[in-house]
Structure formats: structure tokens, C-alpha cells
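Heads up, the chain below is alone and in the form predicted alone; it's given as C-alpha cells.
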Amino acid sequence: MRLRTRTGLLTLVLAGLVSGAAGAAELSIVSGAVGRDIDELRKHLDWFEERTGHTVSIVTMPASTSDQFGQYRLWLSAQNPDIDVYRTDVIWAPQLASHFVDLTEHVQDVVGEHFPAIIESQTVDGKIVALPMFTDAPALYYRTDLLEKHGFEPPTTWVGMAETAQAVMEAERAEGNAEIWGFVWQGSAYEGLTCNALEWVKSNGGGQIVEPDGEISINNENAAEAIDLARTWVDTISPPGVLGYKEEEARGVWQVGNSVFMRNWPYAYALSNGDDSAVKDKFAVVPLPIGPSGDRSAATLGGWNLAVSAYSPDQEAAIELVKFLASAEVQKDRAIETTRLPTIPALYEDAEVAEAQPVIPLWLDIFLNAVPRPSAPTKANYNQVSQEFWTAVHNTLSGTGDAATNLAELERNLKRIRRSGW
């Protein structure tokens, strides 16, 4: 908690004199994290402090985005003045917009640098409420050494993935690799499962849970087929504990060399190629597979943004911080160091980015074809919609009812949430 005492004011004045910035502010930013996110953020905050004389502290959050959102909502509802900048998920803008500063006039000099669709996703009622930090879209990670060893090509369908995973896992176990599994992913009951299951459903021609026009579409045969197919992976090619995995649990199994395939976000790429990784130089990525009744891959659109609290007492400095963390300079460093996808198109053509992380330009097609979660049509109801969806999916995956039964119940629940309109 920020203490604005006389001593604190003296410290700020001294900091301003040292840096040459008489109006130095003491800021705080709240952020969840996976991988090296906090270390990377701290490095960039150090750059910002050196250049401006402001000081910035980090308030860390649990890895679960669902837990983060709940805490954010509590703070913002209480008009907490101790958090200046929030790192926000791409889906949260419609739900939290009333608590954030309208950045429209403050970012006119930089807003044109970013993908228009991402800026649009952070625009509510004509007001830009957050500036993009990085974007996200998952891919299928696969062990190049193991597929080559056992004579397989990277799969293009979920059925093919499961068959390859089973065959390679069994062959490796027969050779004494008892810890190997075929496929790890995010099966815990949280927002990450919504992302995974949306990909299964959409890639199988089953729609987007709630369509852009507000229609509830999830109760259909293709959606049920996709989720029932995923149920067959649990305790066969995927460990039984996968139903408790989030991103880092999946990466942990993968990175020690104990999985043939992994579904994860771009951040896991740089970590998997780290010097302490058992899979360094032994893997690659391809688009997520297609369902048995589908005709295209689907990757859930992710990404994180930066919003200034309407209750911050240092809004001018906070806006300065947001623009710095969203800048091309910082996004470039973030892409090189942690394979976070830039929101600035020019960085996909940057020679230094391509040399350091050749996968970044290749990931552009995955991102450009990503599928949004239905936060826009469901507005303030999105989190409740998502929770109902991941609960129905998790019930199916854990053997509590089949997908058709659970999706029928989900449809009834969503209609109650919608009532006469979202």
C-alpha cells in the first residue's frame, strides 16, 4: 500500500532532483505472470525509472487469470488508489472500462503503430481504455527428435495428433522412458480451459459458444463431438493430473522432456529453448490441429494490455508508463527475450527480432487467424459465461456426464444469464 507521508514526499523530491525530473511519481503496476514475465517487467521498469525519475513497484498476482480478474474487480469497485496501472487480459475491456482512464487523446501519437483489431478490442463506447502490451495465440509444440525417430510427421488433425502421441509414447515407454506422456495442455477449471475447449469446438465446426450477434450456439453435435474427443485423451495420452494443469504445469512436464506434444502460448518457446531445458533445439511448433468434422485450425486470441486506473492519484505519470511499456522499443526487447508476440506489425519484419527468434515472423499467420472469445457480444456477462462453459467442459472431461448432456444444461444456464439481452 502506498503511504503518502511527509517522508515519502521528501523521497520523491530527492529522486526528482537526482534524475532531473522535479515531478517524480511513485507508481505501482499490478500484473499476473507466467514464465519470466515478472523479471522481464522489472527490467523494463528499471529502464523507465532511469529515464524519468519515477519509481514503480510491482504487485504480483496468481497465475490464474480468473483469480486475477476477481481481485481486480474488488480493487476497482473499492476505488483503490494504490494501484496505478493494471495489466489486463484482452477480454476484460468491456467489463472494466468504467474504472479506467480514457486514453484516446493521450495515445494519438502511437495508436496507429498497432494492429487496428487489437486497438478495437480495447475500445469501449469509442474510448480506448487500454494500450496493447503483447498479443497471444497458442500453437501445437512437438518434439522434432521423437517424431523423426519414430517416423511421424507433425499432425494436422486432433485425431492424428492423438494417434501419433499414443504411438510415440508407447514406443518410448517400451524403450524405458517410463515418464513420457503424449500430450499436455490446460485442463484445470479456469479461463485457460475455456481457451482450449473453444479451439476444439471451433476447429470442429461447432461455433464460438456465443456468436458475434449474441446467439447462443454451443449446444450442437459438432461441439459435443469435439469435447467428447478430448475426454478420450485424459489418462491415455495425457496424464490424469492434466485436469488440474494450467500453463506452467503443462510447460513443466514438457520442458523436462516428458511429453511428445504440448498446447501452449508463445512465451513457452523461449523458455523451452533455454539452457536449462531438456528439449532445447528438439522441438518446433505448428498450428493447432483440426477437428474430425471441421476444416480449419482455431487458436484462441489472447494478449495483455495496460490500463490506467481512474482512481490513480498520478494519472499523468501512469499514462507515461503505459506508453513506454507498449512502445516498439520495449515490445522488441520482449519479443527477443521471451517470444511474446508484438502488437506492432513492423516488428514482424524487424531483422533483429527474426534473427533472435525466427519463430516470431512465422507465428504471425497463427495470430492473424486467431478466434476471439465471446467477450464482445456477452459484455459484462462474459466471465459468468466463460465459467459456465469451462464447468460444463470440465465435468465432461472428468466423467461427470457426456458432452451432449452437459452442453444442453450449459445452453439453459446461458439463456438464464442472457434473459432478454446481454
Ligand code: GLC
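From 1 onward, residues are counted along the sequence shown. Everything numeric here is computed off the predicted structure, so don't read it as measured data.
Just so you know, the form predicted in complex with the ligand exists too; it's not on screen, but the next bit is about it.
Just one listed stretch, out of 162-170, 324-332, 113-121, 191-199, contacts the ligand in the model of the complex at the 4.5 Å heavy atom level, and that stretch is 191-199. At the 4.5 Å threshold, heavy atoms of E247 reach the ligand in the model of the complex. For the chain shown alone, W304 is a contact residue for the ligand in the model of the complex, at least one non-hydrogen atom being within 4.5 angstroms. Using a 4.5 angstroms limit between non-hydrogen atoms, V107 is distant from the ligand in the model of the complex. When the ligand is considered in the model of the complex, V90 lines it closely, a heavy atom lying within 4.5 Å. Listed residues W265, W158, W185, F283 were compared with the ligand in the model of the complex; W265 is the one with a heavy atom within 4.5 Å. Counting a residue when any of its non-hydrogen atoms is within 4.5 Å of the ligand in the model of the complex, the one hit in 370-400 is R373.
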